[in-house]
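Only one chain is included here, represented as structure tokens and corresponding to the form predicted on its own.
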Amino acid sequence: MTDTENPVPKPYLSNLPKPRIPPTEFGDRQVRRLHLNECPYQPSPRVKEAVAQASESLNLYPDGGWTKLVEALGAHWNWPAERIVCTNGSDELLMLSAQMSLSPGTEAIAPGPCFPGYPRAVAAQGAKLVQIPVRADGGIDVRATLDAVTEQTRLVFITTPMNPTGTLMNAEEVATLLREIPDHALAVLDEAYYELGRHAGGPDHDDALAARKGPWVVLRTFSKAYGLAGLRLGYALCGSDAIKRSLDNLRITLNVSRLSQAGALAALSDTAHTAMILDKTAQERRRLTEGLEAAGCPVLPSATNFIAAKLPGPAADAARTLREEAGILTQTIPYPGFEDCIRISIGDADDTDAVLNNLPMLLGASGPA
């Protein structure tokens, strides 16, 4: 065997999608961060107390099995603690799920558009990503997704509520996918916005998951409804001991810091604070949606802490003008058919007012020349 037969780095790694790393630091400039779907509210005071206490032991390694946290998560969601895996954000889980299921020559299916972590995780394994355009309302096209499954399919992403459209799937849609995705493919139910979706009236999918015979994993996070994006903590509910064991074998041994574990445990205990975040998010989502639609910008149905609005022209122009002229950061949706859509995170009341007050600028920047 010659060196050229197995070059380093692997050739397909050069074809990975370039990471979209939106700005997070802005020096002295005051901006409204409505581009990352961050929670605008501080986490529970219990979190700050717990993190401060945990900081007294920074010289010690964290619990590599997240014992207290998985016990609390198990009790909270009525799920076996021994089938929960914690990670450094749910991004890590996306990569681990792809590592567990994909290899060169295999395929993964995802909606289009989708969260940028999906194509990167698939490409990192040398596999092929098959994207299925979403429906007009921004939801996953269930039948087209199932029709795209082949003998080479090893992973299917199911996202509800959807990022970047915000659309919530109903129980029958999810149940159909979980039932009909063949056993040779891993079903990844990405529920990063789970708490927000439930607050908006969405179902849980416990029965559909229990009925699935093939492999599955559910991904959730503390970044959104708990306001802990800065602590980077995601977790997986694993459909079997084999899935849990595989994720454990692939992950970094000490992957979640003491501070993150302590903060997440405290956040989980303060249900009143989480309810406040969910209530205020729904209120501002409604205000922002109504204001945009009154101005002639249709908004896709959202059950998340962001909305996707259709503008009269290119969203890139509008996003740039909002950023440069008003200090409001938003996101475009780089996928065919969504060139005129802008994604705006739900902030606090002042953020909503700022967006609505700048609607003339938004519409003028995206309108006909």
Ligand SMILES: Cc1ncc(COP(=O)(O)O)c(C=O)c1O
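Here the structure is a predicted model, which is why all the values come from computation and not from measurement. All residue numbers refer to positions in the sequence shown, first residue = 1.
Only in words, not in the display: the form predicted together with the named molecule, which the text now covers.
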Worksheet, complete the sentence: Of the candidate stretches 97-105, 110-118, 132-140, 273-281, the one with residues having heavy atoms within 4.5 Å of the named molecule in the model of the complex is 110-118
Worksheet item: Just one of H205, R154, K224, R285 has a heavy atom within 4.5 angstroms of the named molecule in the model of the complex, so which one?
Response: K224
Worksheet item: Ok, M169, V217, L196, A192: which has a heavy atom sitting within 4.5 Å of the named molecule in the model of the complex?
Response: A192
Worksheet item: Within 4.5 Å of the named molecule in the model of the complex: all of R32, E290 and S345, by heavy atom?
Response: no
Worksheet entry | in the model of the complex, D91 touching the named molecule (heavy atom, 4.5 Å) | yes
Practice prompt. Verify the contact flag for R232: yes if a non-hydrogen atom of it lies within 4.5 Å of a non-hydrogen atom of the named molecule in the model of the complex, no if not.
Written response: yes
Worksheet item: Does Q125 reach the named molecule in the model of the complex, with heavy atoms at most 4.5 Å apart?
Response: no
Discussion item. Since only the chain is shown here, I'm wondering whether T165 would be in contact with the named molecule in the model of the complex (any heavy atom pair within 4.5 Å).
Written reply: no
